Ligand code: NAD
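Just one chain follows, in the form predicted alone, and it is written as structure tokens.
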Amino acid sequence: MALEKAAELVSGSGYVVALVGAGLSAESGIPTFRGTGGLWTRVGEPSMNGYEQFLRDPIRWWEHQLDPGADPARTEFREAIDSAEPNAGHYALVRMERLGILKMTITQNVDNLHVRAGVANLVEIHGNRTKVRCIGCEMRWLRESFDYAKLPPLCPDCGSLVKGDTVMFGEPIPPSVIDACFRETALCDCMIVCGTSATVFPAASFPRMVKENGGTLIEANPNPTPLSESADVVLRGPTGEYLPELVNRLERL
């Protein structure tokens, strides 16, 4: 049975990493960006040069961000995130971490649900919507606690521009974040890929790197992905159901 085999692979590994995508958050009621009913499917994708536009006119960008009536469709999306709660899949990853098995979670999600669930070891490759970040020194603050009296906001430490922490189209992933992703992937001998199509780079390269290094892959996803054929075990179904069952088996080993 797939769950038993997955538990055996995980328990026999020395450095387990989870790679998480939007499918896990969708089980908390958060709409995906692409696909049926997705935000970008309904209202169109953001500008591909969004970061360039931010750098060109950061005051205008911040004025738009701080105006709750500027973009009703995206406001609706933000409200859906605000009302969402971590699901059983999020809590299963926390349980696995507390067992000492899961060493790191790399998430593509920006919704803060991993943090709210209690995960301790986390890399947010696309940022966190509840935070702002200095584009110079990479210092981060909670969005609600930052001072927006003067626009554009500047970093109190280095004086560089401050923007939302979520990574925009055209924006490089912060160096410390991408370095952490590659470092954790290099250490990983078993990657659990949860709720992601494994098509968006650079995250899509991490499972492939694990396989190339002789590690194992476990895919937990309701739908087939380009990664499915190379996975050692496929848990085909909702991550909120399979991940808790996987942890239950690990606790009995």
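As the structure is a computational prediction, the values presented were derived from the model and not from experiment. So that there is no doubt, residue numbering starts at 1 and follows the sequence shown.
One more form of this protein, predicted together with nicotinamide-adenine-dinucleotide, exists but is not displayed; see below.
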Quiz item: Heavy atoms within 4.5 Å of nicotinamide-adenine-dinucleotide in the model of the complex: does Pro207 have any?
Solution: no
Quiz item: Any of the heavy atoms of Ala22 lying within 4.5 Å of nicotinamide-adenine-dinucleotide in the model of the complex?
Solution: yes
Self-check item: 4.5 Å heavy atom contact, Glu184 to nicotinamide-adenine-dinucleotide in the model of the complex
Solution: no
Quiz item: Quick one: does Thr130 come within 4.5 Å of nicotinamide-adenine-dinucleotide in the model of the complex, counting heavy atoms only?
Solution: no
Exercise. May I ask whether Phe77, His126 and Asn221 each come within 4.5 Å of nicotinamide-adenine-dinucleotide in the model of the complex, counting any non-hydrogen atom?
Key: yes
Quiz item: Of these, 209-217, 22-30, 51-59, 184-192, which stretch puts a heavy atom within 4.5 angstroms of nicotinamide-adenine-dinucleotide in the model of the complex?
Solution: 22-30
Quiz item: Who in 109-123 is close to nicotinamide-adenine-dinucleotide in the model of the complex, meaning a heavy atom within 4.5 Å?
Solution: Asn109, Val110, Asp111
